[in-house]
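In structure tokens, the next block holds one chain alone, the form predicted alone.
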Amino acid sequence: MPSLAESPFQHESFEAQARHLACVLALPAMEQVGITSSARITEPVGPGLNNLFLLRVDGIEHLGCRVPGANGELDSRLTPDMLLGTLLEARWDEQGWHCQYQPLTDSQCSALFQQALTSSSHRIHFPFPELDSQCREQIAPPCFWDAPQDLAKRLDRQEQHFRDTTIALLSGRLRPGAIIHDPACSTGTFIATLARALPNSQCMGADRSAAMIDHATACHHLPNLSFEIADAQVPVMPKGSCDVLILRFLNAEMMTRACALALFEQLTGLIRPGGMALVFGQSSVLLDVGQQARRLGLQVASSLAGVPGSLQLFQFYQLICPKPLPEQIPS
């Protein structure tokens, strides 16, 4: 591998990743874990890093690795058998990520997955975006969005658990006329499913791809649903006017982490007091959502969700924009 000094851009990318790891890792003292044995793993710089994830339960990080399913695709749903063990040490350099961990039994892994849903402080985090061998973030090319028919079939299959969880969460708790906004709606299936399940809401989908909006408009016709061509960087509604903001695109392969951080801060300003944002994605969420939410004054109501009848977990953040206290309301 070339020296980092030979590539200023590579060096900058490497240092940005090092800063992110320093912020998100919470490694316990080894005596706190009670080590009986340990193992090591090194994942070289490249796309395989994005398969590694951290499950934090009661302040302790557990290292896991996604594996492709029978169809060869990576899934947003994680299973206990993907856990490697309790993370003890981690070191990041130009050769990759070097980790020492204490292996866990199958029953311990299953117990951690069950326990993970008991607190909003428990979370799954993917510490690495999709990287190439030179530590550059990999982004889907614009032409990726020019085949909505093919993309719709894939997303419809991959996002079913997200749609089911969102509908279960929102049913019966929204005021009549509540505004639900998906600022990067792609094929429109997600926001259309919400519009159908929540007929008293007003659902708005936007996307910068004209091909996607044409597809969404042609396929989804509901009285409480509208679509618009718009870039998420230029919101289609004023600040403080959205009851539910759907953020399902601040993810690996969709954009860089820096762009995701900037958009998260900008778009969460659309939420009215008492409203919420839901953050998830078929690919891994790029930012530490809990950390950034608290910085912006948002309450983290949940970080994870599970598939009913299974031990599968996936990232699913519910963030609440708090209502002002009575003394803070202008007279």
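Note that residue numbering follows the sequence shown and begins at 1. This is a predicted model, so every value here is computed, not measured.
Form predicted in complex with a small molecule: not shown, discussed below.
J.: If you check in the predicted complex, is G281 within 4.5 Å of the small molecule, heavy atoms only?
T.: Residue-level check for G281: yes, a contact with the small molecule.
J.: Contact with the small molecule in the predicted complex for H181, defined as at least one heavy atom pair within 4.5 Å: yes or no?
T.: No, H181 stays farther than 4.5 Å from the small molecule in the predicted complex.
J.: Should E159 be counted as a contact of the small molecule in the predicted complex, where contact means heavy atoms within 4.5 Å?
T.: It does: once the small molecule is placed as it appears in the predicted complex, E159 has a heavy atom within 4.5 Å of it.
J.: Does R91 make contact with the small molecule in the predicted complex, using a 4.5 Å heavy atom cut-off?
T.: The answer is no: R91 has no heavy atom within 4.5 Å of the small molecule.
J.: State the residue from M254, A195, L170, L78 whose non-hydrogen atoms include one within 4.5 Å of the small molecule in the predicted complex.
T.: Answer to the contact question: M254.
J.: Select from the listed residues I191, C135, V244, M212 the one whose heavy atoms reach within 4.5 Å of the small molecule in the predicted complex.
T.: Only one listed residue qualifies here, and that residue is M212.
J.: Looking at 204-212, 235-243, 125-133, 83-91, which lies within 4.5 angstroms of the small molecule in the predicted complex, counting heavy atoms?
T.: Heavy atoms within 4.5 Å of the small molecule in the predicted complex occur in 204-212.
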